[in-house]
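First, one chain by itself in structure tokens, the form predicted on its own.
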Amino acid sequence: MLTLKNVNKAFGTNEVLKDISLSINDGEIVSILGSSGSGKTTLLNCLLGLVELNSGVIELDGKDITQLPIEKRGLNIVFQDYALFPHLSAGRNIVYGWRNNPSVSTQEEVDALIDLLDLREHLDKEIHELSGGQKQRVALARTLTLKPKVLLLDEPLSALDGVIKESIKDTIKEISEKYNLTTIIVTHDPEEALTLSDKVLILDGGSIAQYGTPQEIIQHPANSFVESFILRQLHVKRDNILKLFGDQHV
């Protein structure tokens, strides 16, 4: 379980995160949702260890990781731009980190990841030859070979559309279920968050506006901000939201 207790972060006089407390169970997919400037990226960076807290505690499986360096936290991230090495093939990108830590995963486990992500036929391709969805899967494979306890995804679907976006959504769900992998996603898109996640954290001005299941948020918005934010972004009337998501999480 990943737990945040009274997390606060300010840059100078600008309070970006205000008293954030929540728990995420093993294997859950949680989306951090909010408009620009709501604090979602800062929260992701605090979890990863790129940004130091002003106060508060981050625990993973009961262990305080607040002061641990990035490489010892048990969290890993796939960045929005994938951060792949352009001079390496897809296959060499996948095994780049694993080659320095071969005891983390076996060759059989790496091969299983490659097959799960449907990358076998693309291993010898250069990065510029890959589609957006293929690049996303390569980045996922590279991260998963290191067996993180928590997977962080920064806007994983923002550069994708149509069938490719739906395919990556299905892949993220399959990975989370297969490996019981806690997955945290930063997104600005309510539809993405509500259809992909077990729980959604909605931030407003650095504070928690609501944290709950998609069903709870849709049926019982905590306040007018949550309701208007969801409606505004989805461009639908409230009466139609349950129909829109009725065959998914709600």
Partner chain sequence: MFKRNNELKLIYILVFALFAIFLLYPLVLVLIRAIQTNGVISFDNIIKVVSKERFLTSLQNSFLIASIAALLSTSLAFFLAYTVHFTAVPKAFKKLINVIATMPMLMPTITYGFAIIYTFGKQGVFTKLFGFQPFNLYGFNGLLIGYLIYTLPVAFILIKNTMTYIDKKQFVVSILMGDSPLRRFFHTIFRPLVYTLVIAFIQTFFLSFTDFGIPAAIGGQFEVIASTLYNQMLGSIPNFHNGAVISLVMLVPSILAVLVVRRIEKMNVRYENISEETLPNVKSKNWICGIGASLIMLGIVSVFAVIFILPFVKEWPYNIGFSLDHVKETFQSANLLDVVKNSFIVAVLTAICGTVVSYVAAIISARGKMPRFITGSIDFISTLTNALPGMVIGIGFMFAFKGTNIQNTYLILIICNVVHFFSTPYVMIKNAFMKMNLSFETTGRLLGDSWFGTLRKVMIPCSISTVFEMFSYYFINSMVTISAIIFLVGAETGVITTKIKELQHFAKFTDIFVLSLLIFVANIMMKSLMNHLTKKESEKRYYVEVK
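Because the structure is predicted, anything quoted here is derived from the model rather than measured. Numbering follows the first chain given and starts at 1.
Below: the form predicted in complex with its partner chain, not depicted.
- Only one of Ile175, Leu123, Ile164, Leu88 comes within 4.5 Å of its partner chain in the predicted bound form through a heavy atom, and that residue is Leu88.
- Interface membership of Arg137, defined by any non-hydrogen atom within 4.5 Å of its partner chain in the predicted bound form, is ruled out.
- Contact annotation: Leu146 falls within 4.5 Å of its partner chain in the predicted bound form, judged by heavy atom distances.
- Looking at Asp81, you'd find a heavy atom of it within 4.5 angstroms of its partner chain in the predicted bound form.
- The shortest heavy atom separation between Glu71 and its partner chain in the predicted bound form is within 4.5 Å.
- Taken together, Asn45, Asn76 and Arg99 are fully in contact with its partner chain in the predicted bound form: each brings a heavy atom within 4.5 Å.
- Of the candidate stretches 28-36, 185-193, 212-220, 45-53, only 45-53 has residues whose heavy atoms lie within 4.5 Å of its partner chain in the predicted bound form.
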